[in-house]
Structures are given as structure tokens and as C-alpha cells.
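The chain below stands alone and is given in C-alpha cells; this is the form predicted alone.
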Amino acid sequence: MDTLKEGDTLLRLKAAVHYTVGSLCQHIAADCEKQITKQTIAAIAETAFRQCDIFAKDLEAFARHAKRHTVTVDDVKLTARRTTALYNYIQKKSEELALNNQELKEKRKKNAAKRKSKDMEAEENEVED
């Protein structure tokens, strides 16, 4: 029964990738005023699906090698290291996320400090009354 579900899931994933690749190809073909054949779309979809499978296996291997059950950003960077453009894109996004997380932490600290000072003022006012 599980094998049937896995096969069904795999087919649905392949269909989703094929649909997405087809949509992207249509947009690109319209922008370039070119036509892309169905065979080309199918080949691109199959290649993308296989590459995603390779990435997934690599990510699992890197996490397992580090004795972790969770895939981290560093695992993704290691997986992308073979493709310079992909690595640069992931590195840039990683830095943006780190910067955003740092900004959020600073805002939380400031808000916590404000709340703490307001609470202390309220306590002082209660003590005075």
C-alpha cells in the first residue's frame, strides 16, 4: 500500500514539475517570440526533476554526515557549490535572510526594553500611590 502511495506521489510531483516548466516555457517563449516544442518542455521537466532528486539526496547525505536530522542553509550551500550561478544566488539570499533576522532580533530587543521600562514605571507609580 505504501509503495502505491509513493508511486502516486512521485507521479503527482512529476506532473507538477512538468506543469510548472510548461508555464515557464510559455512565458519565456512569449517574451522571446519563439516557440518551444512539447518534447523540449518534457525534456526540461525531466532534467529538472532528476536534478531535484539529486539535490534532495545530497542534502540528506550532508545532514546525515553531520549527524543531524535537519537540513541547514550550509547543506544547501554545499549542494549548490557545483553550480556557480546557483551558489552565488543562494549565498546572496542567505545573507539577506541573515540581515533580516538580525534586524528582527534588534527590533524585538528594543520592544522588550520598552515594555520592561513601561512595566517598571507602572510599578513605581503603583508604589507611589
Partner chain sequence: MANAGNEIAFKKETVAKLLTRSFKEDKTKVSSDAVVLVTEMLKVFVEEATRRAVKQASSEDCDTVDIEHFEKILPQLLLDF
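No experiment lies behind these values; they were computed from the predicted model shown. Residue numbers count along the first chain shown, from 1.
The same protein also has a form predicted in complex with the partner chain, omitted here; what follows describes it.
- The partner chain in the model of the complex is not approached by residue 62, whose heavy atoms all lie more than 4.5 angstroms from it.
- Taking non-hydrogen atoms only, residue 103 never approaches the partner chain to within 4.5 angstroms in the model of the complex.
- In the model of the complex, the partner chain sits beyond 4.5 Å of every heavy atom of residue 66.
- Residues are counted as partner-facing when one of their heavy atoms sits within 4.5 Å of the partner chain in the model of the complex; in 14 to 34 these are 16, 17, 20, 21, 23, 24, 25, 27, 28, 31, 32, 34, in sequence order.
- Note: residue 20-residue 97 Cα separation is 3 Å or more shorter in the model of the complex than here.
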